[in-house]
Structures are given as C-alpha cells and as structure tokens.
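What follows is a single chain, given as structure tokens, in the form predicted alone.
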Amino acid sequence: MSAYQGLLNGKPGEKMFLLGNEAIARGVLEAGVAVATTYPGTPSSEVGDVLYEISEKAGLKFEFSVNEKVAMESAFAASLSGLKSFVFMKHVGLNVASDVLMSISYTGVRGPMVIMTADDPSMFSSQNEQDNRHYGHFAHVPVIEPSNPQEAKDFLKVAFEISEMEGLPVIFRTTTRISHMRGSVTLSTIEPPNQNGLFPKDGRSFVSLPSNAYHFKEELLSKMGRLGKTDFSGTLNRTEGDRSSRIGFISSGEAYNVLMDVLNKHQVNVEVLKLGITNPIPDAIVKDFLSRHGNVIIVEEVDPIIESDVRAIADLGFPEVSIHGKMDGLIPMSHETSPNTLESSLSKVLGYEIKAGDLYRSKEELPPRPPVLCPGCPHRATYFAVKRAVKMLKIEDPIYSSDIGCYSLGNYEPFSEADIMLDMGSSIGVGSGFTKATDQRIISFIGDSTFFHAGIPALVNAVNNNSRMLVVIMDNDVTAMTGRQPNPGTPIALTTGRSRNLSIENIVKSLGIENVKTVDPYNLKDTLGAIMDGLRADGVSVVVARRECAILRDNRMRKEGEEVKYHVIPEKCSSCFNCVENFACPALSVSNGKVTIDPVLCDGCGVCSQPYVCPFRAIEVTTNEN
C-alpha cells in the first residue's frame, strides 16, 4: 500500500503530522477537486507525488503535463466543463504558464479553479526568487497565502470558494518553508469529486478576441472590486495582540511565523494583522488597523507587495501613519525573512537589546557542501566523455550551454561544463543563438524531461537556421531532480500503465537531423566516439545519452538481490588520481597516498574501472575471493 494512503483514508477530526505539500494534497481531496495537473518542480513536487499515487482510488483525474502552460490549459478546460480543477507548479513555472493566466483572468472560469505557485525565497533550488504575488496584481486575480500546514489545507478550500463566488481563477501562493514545513493537521470531510463534466454552448464567450476582451476587462475589475470590500475575518484574515500598542504589524505567509517567533522571544506585545488574502488587499480591515496605530511595520516575503498597497491606502486616508518595511530599508529586500535578519531589523524600532551569541545560529562552523551528482549517475560519465572529447579534438574555448535539471551540476568542478543556464529549454535556444555570433564550438546539454518541456521548439529553430552545434540529450528515464516523476519519455513499466513513452530519437529525426546517435554513458568508448563524431559534423548533431537514473537502478538491483561493488588494488594504483580529480565520483577518495572506494557509496556502475578513468586497471569488481 502506498505511504500516502493515510491521506486518503484519514477520517474527519483525525490529526496527522503532515508536510505542507501533503496537507495541500489532502485539501485537494476535501475540496472535491475533479482534475489536477502539474509539471513537477521543487518546492511543489510532493503535492504531485501524493496525488499521482492516490488519484485513482480518490476518483481524481491527475496529469503530469509536458509543461506548466499545458497543465494550466488542461485544468482550465476542466473548469469550463463545470469541474473543480487545480493546477500547481513552482514559481518559475508560472512564467511558462503566464500567457494562459493573463487570458483566463479575463474570460473567467466556470468551475472553481485554483493555481498553486510555490515560491522559493533565497533560491534554495531555483534560478531566481521572484515573488509571484506580482502576478495577482498583473492578472487582477485573488492571491491567498497560508502560514502553516493546517492553513495550507483549509485556505485551499476557501480559495475554491472564492473562485466559485466570483468566477475567477485564484492564485494560491506558498513558499519553500510552508511547502516543506511539518505540523499537526486536523482533517475534515472529503468531498466526492463531480466527474460529470459538460461544456455547455450557452452563448457565453471564452474567445479572447479584442472585441470580447474589451468587455472582459471591465467585468474583471468589478469582481476584484467586490472582493476588496470583503475582509474575510475569521477565515483568512485576523488580528491578535494588544490593540492599543504604539506599533502595529501586518504580515502574511512564512514571514508571519518568523515575526511571531521574534516578538514572543522578546516578550513584545503588539497588535498584528495577519493576512491570508493579499490581493486584493482587504481595504476595510486595513483602514481599521491603520486608525489604531501611528507606526505600522510590514513583514513579508519577498517583495514589498503588501507594503505598497498599505502605503497607498495610508497616503489616501491616513497620512499621519508612518509605514516601515522593505521600502524604507528597515527590512532587507533580498532573500527570505530569517529570524536573525528580522530580529536585528526590529531591534532598531522595538528597543530590545541583542546580546552576543543570542542570534539563531549553529554553534559550529559547518564545512561547505556543494551539490554533487549521485554515485553511479550516468551524467557524470557523459560529462567526463565530453570533456575528454573536447581535449582530444583540441577544441579551444567551447561554449557549454546548460539547462535545468540534475545535469546542471555539471557546472561544478572538475567538469565546469556550464557557461550559461537560464531556464527550461534555453540550452538549445541560447546555443543556437551563439552560432550566429561566434565560431566557437557549441555544446548544449538538456535532459529528457526538459527536452519535452521546452527543448523541442528550440531544436526546431536550430535546424531551421542551420546552426552548427552538438546537442547532448541526457535521458535518465524520469524527471529526476524533482523526485523521479514520469515524463513523456518514461518507460511504460515505470508509469503504472498510465501513459506511453515517446521516442526522443524519432522526434529528433523527424526534424531532419541526420547525425543522431544513442549511447549508454556507462560505455565510455562508445560515448566518447559518438560525441567526437558530433563535434566534427556540420549542422545540428544529437547524442542521446540514455541510462536510467542511478537511484532507480539501485532500487531495482536491490529488489532483485544484486549488489555489485568495486575496490582498488593498491599494488596497481599509480596514484595518478585521474579517477578522483577528473571523474570525481563521491565513492572515490585518497587515503595514505592511494585511491580507495567507499563500499557504502559505491553503487557498482563500474565506469571508474574503464581505462579512460583508470589506465592502470587498478579498479576491479569485489568478489568473495578478493
């Protein structure tokens, strides 16, 4: 039975200790969602992991879409058929889907529709820390922000109610700390989903022609105006603390948790307005709050969204109130709101003293831990082969255009094979662009899931413009970095029969690319030869480096009772350290001047035993005899 079945079987009133994302998945069930779609991306991935496992028993139609734009379009279609739909993604995924969002905010929805965006302050696993509450203003749609797993579940249901009330899509914004926080969650009743969808041709237009959009905009502003006059007290918004305090605080999301920790630590009793809906800003409740405090401090994550709205309200009706936050430099503009940062900032206005050693920090200085490819990862062998091929062909100053995924770790030493990395699919698009600007050799790296997500149009462009470049598609069967979710190329055996796996080679060849080779990265000789051929060729060349994710391989071999380990024969080891310095598997290290292999980390891939890595044949399979 799936580890997530408890989320489906939990009874009303029962308490569970849930991850924020798990609580959101339970909220999807309690809300009676009929269709849920996503493209996996940290920190939202666990929501999809849960729904993928339990969707059939829950009566929920779930889809891992090819990208976020398609996911939103699919969810919108379900909404137009009268069903409750939920689409979720990481923050940068909403950039991909924003074209859809900007139109469906105008057309409105039929069935309730909620769009979850998981923002990543401080960029723990992302290329930026954009604040997607801006999309609420940009598209004129409501934005809901929970502060803990209980609210994540309960607020999601309120978001569906708001969507149904006004016929608008609603943005549900979490951050990394909320998605990955654990807390006690009291369950409520699961609402059975309605799966009897029907798109009625009742004369209502969803065609975004200019003549229609002109009227859609007026309706949209009217809906948001009504929502701005609703304070949602008791459901989304609340005040707490001393109403007569000199200073008042307004906060939301994870920033509220940090604020309360600091206030409680220093025993500061002030009134706090905690907002669960941050667009439109609840006008009446904010005005009431401003009327009681001469100084108001806004604490939020990441950009001064609430602060800007509160300042606008204060300028129009409460000019005597002093507003403080990010815009006047009290609180830093960048990165997540940490306890240390906020404690230091607030000490300036609240008057408490920060004693030496009083800040939240580790007692020890921890060593740096740069991310590394897993032991046995096929991408390591691919990067090793590419670097060797470039050296053997004496190619000077090649440009390495990388992409989003596990293979982005090729940026780090000893490979250093990432000069540019922007967004999903950009490795091919940027690589093609370089061919118009320089005669340097272009090598683009892209993963299988990313290729399906956004790489195909870029490859079409490269072929159409006769770009001279090598595209290395690193196919490990799954969307590995976000938790090994399936993608269109995942073998059917790994997708529980729900989809068919598409051939990357057939897609590439259909574009007219003739130089297409498929290799197993564990075979360094074949991989090296294919890459050298690709680098010698004119036009677009493609090498598909296919080998399952090492974690999948290890799990499979463990189930089959296979265990292969390698060891170093000290007498044969010349201490050239090529394996450690240039191949850099975490299982390899140097002890007393000789290379050793940690049997706990070694997963038996055997690549290090090949002469390209160990020319002295000092690495062998461990057997009972040796």
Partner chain sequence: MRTNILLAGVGGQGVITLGMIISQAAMEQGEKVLMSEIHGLAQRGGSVTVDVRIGDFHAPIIPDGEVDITIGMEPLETKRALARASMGSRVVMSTEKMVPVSLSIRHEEYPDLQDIVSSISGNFRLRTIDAVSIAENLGNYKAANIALLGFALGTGWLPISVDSVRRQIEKTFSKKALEINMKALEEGLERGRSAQVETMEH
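No experiment lies behind these values; they were computed from the predicted model shown. Residue numbers count along the first chain shown, from 1.
The same protein also exists as the form predicted in complex with its partner chain; that form is not shown, yet it is the one meant from here on.
> Between the options 66, 580, 568, 58, which residue brings a heavy atom to within 4.5 Å of its partner chain in the model of the complex?
Replying inline: By the 4.5 Å criterion, the partner-contacting residue is 580.
> Considering its partner chain in the model of the complex, which of 119, 254, 477, 417 comes within 4.5 Å of it through any heavy atom?
Replying inline: The residue in contact is 254.
>> Given a 4.5 Å cut-off on heavy atoms, tell me which of 533-541, 213-221, 128-136, 261-269 is the interface stretch with its partner chain in the model of the complex.
In response: Contact-bearing stretch, as computed: 261-269.
>> Is residue 35 near its partner chain? Define near as a heavy atom within 4.5 Å, in the model of the complex.
In response: So residue 35 does not count as contacting its partner chain.
> Is there a heavy atom of residue 177 lying 4.5 Å or less from a heavy atom of its partner chain in the model of the complex?
Replying inline: Output for residue 177 is yes: heavy atoms within 4.5 Å of its partner chain.
> Is there a non-hydrogen atom of residue 382 within 4.5 angstroms of a non-hydrogen atom of its partner chain in the model of the complex?
Replying inline: Flag for residue 382 set to no.
> Going by a heavy atom distance of 4.5 Å, is residue 461 a contact of its partner chain in the model of the complex?
Replying inline: Taking the distances in the model of the complex, the answer for residue 461 is no, it never comes within 4.5 Å of its partner chain.
>> With the partner left out here, which residues of 169-190 have a non-hydrogen atom within 4.5 Å of its partner chain in the model of the complex?
In response: Contacts from 169-190: 176, 177, 180, 181, 182, 183, 184.
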